[in-house]
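Coming up is one lone chain in structure tokens, specifically the form predicted alone.
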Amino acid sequence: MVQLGLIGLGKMGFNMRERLRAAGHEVVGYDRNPDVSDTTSLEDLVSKLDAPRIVWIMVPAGEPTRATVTELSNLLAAGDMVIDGGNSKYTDDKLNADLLAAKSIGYLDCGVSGGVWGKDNGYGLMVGGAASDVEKAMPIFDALRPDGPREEGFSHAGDVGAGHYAKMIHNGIEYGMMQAFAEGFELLEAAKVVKDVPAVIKGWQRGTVVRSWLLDLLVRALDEDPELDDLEGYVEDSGEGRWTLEEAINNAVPAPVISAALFARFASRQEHSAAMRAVAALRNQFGGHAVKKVGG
């Protein structure tokens, strides 16, 4: 049994706490929402942990994570360890690690995949940091990862920053896969040759080369709403896709699928796209193609 402090009990953090507890570990959680929190403050959380302490952070990337690490650096002691399991940019990890190392506090960055299903299915984990720190936290990783061979749900990706870098690329790939399924769905709907689109997509779940968990989730969505017309086609991005493209540019690696998927998300937010208005105007100017006037 391992004792763990867990900061951030949102959709992911709450389920992670439940999975860890089900595995027999003691988890002391803190969240700003008192209805789910086990403690009243970070100081209270640290006081409830026995040294050497391990504290896992699951809060939004950027300043919230940075502020949490800074506060912990003043509460923890030499020999303790912090794990950032959020979607931080990998370049933030060295800053966090250096801040904590000045007080002999260990640091690991952990990319976590699994979403709201991780509580039952387990989480894919990609970790960066010193091997000795990874070994200390391994009982936690083993409880969180899916059942089966460790190497199929967990990886020690490299030094500090490698875990979040691996998760960033993972999410960039995810963008492309989701976009491909989405475009296939739209084409099946638009052509009118296929009479039962949900049945076709469900039929891809076994024996085909596109079978995957994302496909299973699309089938689930179609079971609930066969036309997907209960949703608006507005899609946010959480940052990893943009960072992946930055890395592709920095390393001169072509990434046309990921870039197109990210730009498609941008396009989804443009109710009245200036670019598309310009395309329509040009088509009308050089070819006399029909256009739709606003309000017409």
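These numbers were taken from a predicted model, which means no experiment stands behind them. All residue numbers are counted from 1 along the displayed sequence.
Below: the form predicted together with a further copy of the same chain, not depicted.
**Student:** Which is the contacting stretch out of 232 to 240, 43 to 51, 26 to 34, 59 to 67, given heavy atoms within 4.5 Å of a further copy of the same chain in the predicted complex?
**Tutor:** Among the listed stretches, the partner-contacting one is 232 to 240.
**Student:** Would you classify G122 as touching a further copy of the same chain in the predicted complex, given a 4.5 Å non-hydrogen atom cut-off?
**Tutor:** Because a heavy atom of G122 falls inside 4.5 Å of a further copy of the same chain in the predicted complex, the answer is yes.
**Student:** Contact with a further copy of the same chain in the predicted complex for G184, defined as at least one heavy atom pair within 4.5 Å: yes or no?
**Tutor:** G184 belongs to the contact set for a further copy of the same chain.
**Student:** Does A22 make contact with a further copy of the same chain in the predicted complex, using a 4.5 Å heavy atom cut-off?
**Tutor:** It does not: once a further copy of the same chain is placed as it appears in the predicted complex, A22 has no heavy atom within 4.5 Å of it.
**Student:** Using 4.5 Å between non-hydrogen atoms, is A199 touching a further copy of the same chain in the predicted complex?
**Tutor:** The answer is yes: A199 has a heavy atom within 4.5 Å of a further copy of the same chain.
**Student:** Of the residues A78, A131, A102, V116, which one places a heavy atom within 4.5 Å of a further copy of the same chain in the predicted complex?
**Tutor:** Exactly one residue meets the criterion: V116.
**Student:** Which of these residues, A143, A137, A97, L218, gets a heavy atom within 4.5 Å of a further copy of the same chain in the predicted complex?
**Tutor:** Contact check passes for L218.
**Student:** Counting only heavy atoms, which residues in 197 to 220 are within 4.5 Å of a further copy of the same chain in the predicted complex?
**Tutor:** Those in contact are A199, V200, K202, G203, W204, Q205, R206, G207, T208, V209, V210, R211, S212, W213, L214, L217, L218, R220.
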